[in-house]
Ligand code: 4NP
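Shown here is one chain on its own, the form predicted on its own, set out as structure tokens.
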Amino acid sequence: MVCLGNICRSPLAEGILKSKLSRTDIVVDSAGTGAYHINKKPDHRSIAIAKINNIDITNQRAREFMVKDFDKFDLIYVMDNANYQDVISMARNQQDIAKVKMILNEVFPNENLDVPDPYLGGDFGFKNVYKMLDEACDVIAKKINSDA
């Protein structure tokens, strides 16, 4: 799961997807395309909306997306078109690019919709982002859980 700073959207997506997986052999992680918040906890509003939904993301720490992530992960979900461009600009080949997906395309195929960055907004933006990510992670989890 990749967003800009790895403190709002991608930590939520990581926590939501982990909560929906029945398989224990799947690694879910998150990162940011920017190095703004390395080693910091998720935004307090992301922590709060996750907690309301019985998900604990307080132990996550922000990290920057690295080229080696292409080797470590089979799928890389990005939150918006800018993240998509940033991540594929680091790709070494078509195989890397093929791993990068817009997360909302799971709900709205081929529409390339952005999960809006709630950082500068109020709590309501985090509620909306949670709802969007929850729907997308439902679809992702059903695919992963059915592959068991």
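For clarity, every value in this text was computed on a predicted model and none was experimentally measured. Residue numbers run from 1 along the displayed sequence.
The same protein also exists as the form predicted in complex with ligand 4NP; that form is not shown, yet it is the one meant from here on.
The chain is drawn here without ligand 4NP; in the predicted bound form, the stretch among 48-56, 64-72, 116-124, 96-104 whose residues come within 4.5 Å of it by any heavy atom is 116-124.
Mapping the unseen interface onto this chain, residue 36 counts among the residues with a heavy atom inside 4.5 Å of ligand 4NP in the predicted bound form. Although the partner is absent here, residue 144 is not a contact residue: none of its heavy atoms lies within 4.5 angstroms of ligand 4NP in the predicted bound form. Put simply, residue 3 is close to ligand 4NP in the predicted bound form: some heavy atom of it is within 4.5 Å.
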